[in-house]
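Coming up is one lone chain in structure tokens, specifically the form predicted alone.
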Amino acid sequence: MGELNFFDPNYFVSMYEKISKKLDKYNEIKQYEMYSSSGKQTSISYEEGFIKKAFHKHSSGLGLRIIGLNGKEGMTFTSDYSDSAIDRIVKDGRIMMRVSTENPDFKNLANPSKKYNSVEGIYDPEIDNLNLEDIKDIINPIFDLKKKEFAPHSLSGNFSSSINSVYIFNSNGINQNEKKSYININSEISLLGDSGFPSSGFSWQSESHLNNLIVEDVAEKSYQMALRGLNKISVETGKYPILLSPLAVAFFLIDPISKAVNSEAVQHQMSFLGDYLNKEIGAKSFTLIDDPYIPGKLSTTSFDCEGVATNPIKIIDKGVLNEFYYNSFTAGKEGIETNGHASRSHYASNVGISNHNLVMSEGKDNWEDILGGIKKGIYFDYTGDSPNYVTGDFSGLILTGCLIENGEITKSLSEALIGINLLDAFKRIETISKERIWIDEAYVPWVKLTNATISGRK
């Protein structure tokens, strides 16, 4: 398919009309949906100040869902838009629908929303027009780390940018399309100390707009993380007050909530929050809003991946769990309306559920004042481990964290484990900083927990 049609909504309108004419002839078909996505991506990996690998690709495809009587569903997809390919997916979809298992829980495909709000800043034409020379200039601050007096032993990373469009149509009258841009850069370095053992550091930034990318910060954060790790100590096992960095808040507190309020997980009894709707689960200072309308942010969108309008919702309001995320299927099972959280990773994927932008409440204190009030504690920055989403239990390695002594962040931790149930963590929120920063799609502060168990190396 030529690039003229690659991001042209009219092309996909005509494609849907062509498919509709074929499907409307069959009485066995109750409803149908076409989800198409098109994208172009540039990706560059670099190492030791040199570009190692680069590629640029276009992709486009179409997924077709056909719904028959008693919830039977057939799904097919193609990246070929020829007439013969369209005939094939229509035929295959009907066959899959007829042989599929009846699903009485399937009520209907999504209906058009009464109102769709426009969103701003989700597409940056500068990203669309980037070339290799532009990218080399963008990543130079990471290469410049090699010029430091105490230079990295190794340095690597990746840069990627993409332009993506989605087109959603269904037989209930859904007709939505949106074009978005995305850019990401990461830096990974290691330093060698006097002992000869390496210390690693990493950082990244993801944005919708090129002018929001601050590569110097990404480079310096990765360097400082590695520098702190050169002087590691073990701590005694015990309970310590914990100061969570925004990175830790995003991945240790907020991300598990976004997964646990997935109504599919709740309906399958696979969520530690499943029994807590309209109940207090955390400190009264803890509020979490899902907001799809923040200009220029990664998960800003006017509709979800079924074409349903999005709206801001309070997931947690002053410590009380208010709502779960729904798509049309999980909402239909409960006889309620979907709240616009359907997701797809690809035109060939099944419909799932996910969050939009997540905004946590701010506090009244500066984070450095919170730090200054801790005589001895732990500064928790990042763990690569995940909690048990069924029970909420977490026990994992603090990959990057430091000892707090007399209000200052001092030496890095060696092989320290943190153990706590997330529901306990929410209730132990003692202080929240007034400062907040963006970590991908989450806007999060520093958070102090009264305590958590830290297990040191024996």
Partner chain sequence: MEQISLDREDLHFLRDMAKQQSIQYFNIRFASGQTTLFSLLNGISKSSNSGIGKGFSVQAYTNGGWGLAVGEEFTKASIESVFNKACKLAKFSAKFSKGNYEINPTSNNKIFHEIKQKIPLQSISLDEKMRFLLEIEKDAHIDSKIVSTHINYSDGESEKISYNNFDHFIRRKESGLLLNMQVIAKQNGKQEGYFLNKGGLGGYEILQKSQNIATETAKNALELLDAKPAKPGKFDIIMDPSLSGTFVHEAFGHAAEADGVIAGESILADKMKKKIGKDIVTIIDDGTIEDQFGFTPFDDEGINGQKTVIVKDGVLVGFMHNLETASKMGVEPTGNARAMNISSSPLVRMTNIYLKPGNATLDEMIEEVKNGLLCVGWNYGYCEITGQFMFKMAKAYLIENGEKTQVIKDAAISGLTLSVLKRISMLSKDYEMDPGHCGKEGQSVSVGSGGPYTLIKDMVIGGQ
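Numbering follows the first chain given and starts at 1. Predicted model only: the values in this text are computed from it and were never measured.
A second form of this protein, the form predicted together with the partner chain, is not displayed here; the remarks below concern that form.
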query: Segment that reaches the partner chain in the predicted complex - one of 28 to 36, 390 to 398, 403 to 411, 429 to 437, heavy atoms within 4.5 Å; finding: 390 to 398
query: Partner-contacting position among E120, E216, E133, D83 - heavy atom within 4.5 Å of the partner chain in the predicted complex; finding: E133
query: Residue among N231, N366, N108, T78 with a heavy atom within 4.5 Å of the partner chain in the predicted complex; finding: T78
query: Contact at S171, T287 and E362 by the partner chain in the predicted complex, all three, heavy atom at most 4.5 Å; finding: no
query: Touches the partner chain in the predicted complex: M96 (any heavy atom, 4.5 Å); finding: yes
query: Non-hydrogen atom contact F272 with the partner chain in the predicted complex at 4.5 angstroms; finding: yes
query: Interface membership of T383, the partner chain in the predicted complex, 4.5 Å heavy atom rule; finding: yes
query: Residue contact check: K179 to the partner chain in the predicted complex, 4.5 Å heavy atom; finding: no
query: In the predicted complex: members of 428 to 453 within 4.5 Å of the partner chain, any heavy atom; finding: T453
